[in-house]
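For reference, the chain that follows is the form predicted on its own, supplied as C-alpha cells.
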Amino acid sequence: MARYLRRRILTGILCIIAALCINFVIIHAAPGDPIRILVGKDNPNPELIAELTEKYGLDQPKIVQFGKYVGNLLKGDMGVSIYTNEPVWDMIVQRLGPTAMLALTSAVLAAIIGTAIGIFCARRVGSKLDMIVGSVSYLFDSTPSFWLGLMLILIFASTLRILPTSGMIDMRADHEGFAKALDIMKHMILPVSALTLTLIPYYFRIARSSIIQVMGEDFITTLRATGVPEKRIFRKYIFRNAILPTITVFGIQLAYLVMGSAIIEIVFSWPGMGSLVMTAITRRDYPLLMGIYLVLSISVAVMMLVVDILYSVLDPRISHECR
C-alpha cells in the first residue's frame, strides 16, 4: 500500500508539473498585453510601458520567464499580481475559503441526494416514479446553472423577499459569532441550491446505473439462491460495489467546482475564486492566472489521490492489488 501511494503521489506531482508547463505556454500565448491594459489605452506612455515591462520581467525570453517563475515557486513565492501588486498567494487565500465553502456544500448535498434517489429508483426500475424522476433529472441536467440562479433570485429574493439576492454577508448588519454564521448560511441558500440542483442528475444517473448493473451480476444471483437476506446482500455487496463510480465523480467534481462555480459566484456576487478568475483573465494578469491554475491542478491531483485511497478501503480487491 505504501509503495502504491508513493507511486500515485509521484504521478500526481508529474501531472502538476505538466499542467504548470502547459498553462504557462497557453497563458502567455493568448492575445493581449497585461502592461498595456494596466496603463490604459488612452494616450499610453511608452516609457511607462517599457519600465513596467522590465519590472515584471516580460521583456525577457519566455523560457527565462518560466525558469524564474519555477525558481520562485520552489521558494514558496507565487509572485505578485501585475494589476494590484499584491502577493498572488494572499489574493487566492482570501477567495479560496468562500469558494471551498460553496463548492463543498453543493458537492456533498448533490452526492447524498442524487445517490439516494438513484438507489431508490434502481430498486424500482421501470416504475412510474422511476420514469418521472428520470425525466426531472434530465430537465435539471439541461438547465444552465446561471439561468437557474437568476430564476431563484427572481422567485425567492425579488418576489417573495425571503432570501438575500447576493453577497456572502449583510454589509449593513454587524453580526458576530453565531449570528454571523447564520447570516452566511442564509446567503448560501440560493447559490448552493442552484449548484446542487444542476449536479444531482450526475449522481442520480451514475448511482442508478451502477446499482442496476451490480444487481444483475451472477454472484448476486448466487447469494440470493443461497438464502442470504436481501438487506445484507444490498448493504454488503451491491452498495459497496456500486458506490465506487460515485466516489470517482465526487472527487473530480469537487476538485473542479473550486473553479467551476465561477458563473454562479458572479450571478450571486459571491466573493470567491470565480470573480477573481474572470478579473485575472480580463486583465491578462499572468502571475495571478498561473497561481489560480496551479491551485486547481493541485486540488485535482489531491482529490484523485483521495479517491484512490477510498477505492482501496471500499473494495478489498483493490486493497490486495495495492499491497
Partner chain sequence: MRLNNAIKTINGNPQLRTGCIMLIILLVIALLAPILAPHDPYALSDDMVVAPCREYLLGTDGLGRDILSMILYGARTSLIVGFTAAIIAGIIGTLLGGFAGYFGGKIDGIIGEMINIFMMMPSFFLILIVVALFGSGLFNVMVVIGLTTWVGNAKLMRAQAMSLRQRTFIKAAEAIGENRIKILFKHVIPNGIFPIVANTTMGISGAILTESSLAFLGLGDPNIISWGQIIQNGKSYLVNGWWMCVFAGLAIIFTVITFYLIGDGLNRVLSPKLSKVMFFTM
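Keep in mind that what you see is a predicted model, and the values were worked out from it rather than measured. Positions refer to the first chain, counted from 1.
Here the subject shifts to the form predicted together with the partner chain, a form of this protein not shown in this document.
Proximity to the partner chain in the predicted bound form, taken as heavy atoms within 4.5 Å, picks out 199 to 207 from the listed stretches 228 to 236, 199 to 207, 109 to 117, 183 to 191.
Contact between A30 and the partner chain in the predicted bound form is found at the 4.5 Å heavy atom cutoff.
Under a 4.5 angstroms non-hydrogen atom cutoff, the partner chain in the predicted bound form has P144 among its neighbouring residues. Y138 belongs to the set of residues with a heavy atom inside 4.5 Å of the partner chain in the predicted bound form.
By the criterion of a heavy atom within 4.5 Å, L160 is excluded from the residues contacting the partner chain in the predicted bound form. Taken together, the three residues R8, V125 and M278 all come within 4.5 Å of the partner chain in the predicted bound form, as judged by their closest heavy atom. In the predicted bound form, V277, M278, I281, R284, L289, I292, Y293, L296, S297, V300, A301 are the residues of 277 to 302 with at least one heavy atom within 4.5 Å of the partner chain, listed from first to last.
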